[in-house]
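Next up is one chain by itself, shown in structure tokens, the form predicted alone.
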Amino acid sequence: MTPLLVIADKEIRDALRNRWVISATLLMAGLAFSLTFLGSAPTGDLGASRLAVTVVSLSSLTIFLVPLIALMLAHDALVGEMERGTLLLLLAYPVTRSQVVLGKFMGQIVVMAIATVVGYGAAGLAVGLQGEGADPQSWHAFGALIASAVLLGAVFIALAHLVSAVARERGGAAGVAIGLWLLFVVLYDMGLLGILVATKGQIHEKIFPWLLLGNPTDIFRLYNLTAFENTRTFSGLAGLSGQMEFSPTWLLSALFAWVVVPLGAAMVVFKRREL
């Protein structure tokens, strides 16, 4: 096995040993089932596909839940190894610092993917077994939701690695991770709302969409609520999607850039750090 795969395998085994996979999966599955069977109860009266409404509901849940799980999973990936004194031992083997970062990142992505696919997939399967109008487009939207949720998790795992590469202790890294969650999940959109209020809604329509790209959770929301006709209708964003300059492919590319940039920065910082 290559060093990358060895390190990734160790991360997965550590997550299984600490019950990270089980805990995250049960949490995501429990909340997904709740939204699926309680939040979509009126779909029969509205003539809406239960699965399409589930995609809209899970999109909102994902924005709050996935970043938090990802940050808590990975915030001590590097600084935790330093505090335990195991990082110097690891680097004594024929492995580079970049391979350490990438290997840990790969393992944590697998953990995040397992929790997301099993947790959300179980809720989607339950809807499908009921046979209540789960049309092919709704299944496509549901699959895109799961894939983009894993990508959103990758964004925040990459951000957590950058925090871990900079932090001097685990407590500080945890505090910064919570601050990042508050910034991207709560404060950023409040700031945009403040701009809209301050300008009385007169902010230039060409500028505002670009401001949304400054937040990966907003990119995720835009993609899942505007990429498919049925979810656009049930989310109330059909009008917005017609004005958006960004295609679904463009939005996914922007989300992928949010993975590459912080992960690259984490490798650069970690290479220069004295242990």
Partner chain sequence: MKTLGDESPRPPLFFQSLELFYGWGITIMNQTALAVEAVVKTYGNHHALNGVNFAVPAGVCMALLGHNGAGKTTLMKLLLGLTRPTSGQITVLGTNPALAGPEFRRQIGFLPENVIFHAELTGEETLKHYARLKGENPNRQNELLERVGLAHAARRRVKGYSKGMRQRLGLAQALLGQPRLLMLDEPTTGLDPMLRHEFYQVIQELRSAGVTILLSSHVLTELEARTDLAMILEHGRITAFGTLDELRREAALPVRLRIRASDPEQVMTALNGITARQTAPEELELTAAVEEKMTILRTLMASGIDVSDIEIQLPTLDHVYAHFGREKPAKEEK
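No experiment lies behind these values; they were computed from the predicted model shown. Numbering follows the first chain given and starts at 1.
The form predicted in complex with its partner chain exists for this protein as well; it is not shown, and the discussion that follows is about that form.
- Message: Please pick out the stretch from 95-103, 70-78, 173-181, 155-163 that is in contact with its partner chain in the predicted complex, where contact means heavy atoms within 4.5 Å.
- Response: Within 4.5 Å of the partner lies stretch 95-103.
- Looking at the partner-bound form in the predicted complex, is residue 6 within 4.5 Å of its partner chain by any heavy atom? Contact with its partner chain, yes.
- Query: Does at least one non-hydrogen atom of residue 86 fall within 4.5 angstroms of its partner chain in the predicted complex?
  - Reply: Yes.
- Message: Although the partner isn't part of this model, could you tell me whether residue 192 comes within 4.5 Å of its partner chain in the predicted complex, counting any heavy atom of the residue?
- Response: No - in the predicted complex, heavy atoms of residue 192 and its partner chain never come within 4.5 Å of each other.
- Message: Given that its partner chain is not shown alongside this chain, does residue 187 nevertheless sit within 4.5 Å of it in the predicted complex, heavy atom to heavy atom?
- Response: Output for residue 187 is no: heavy atoms all beyond 4.5 Å of its partner chain.
- Query: Would its partner chain be touched by all three of 140, 144 and 221 in the predicted complex, meaning a heavy atom each within 4.5 Å?
  - Reply: Checked in the predicted complex: no contact with its partner chain for any of the three.
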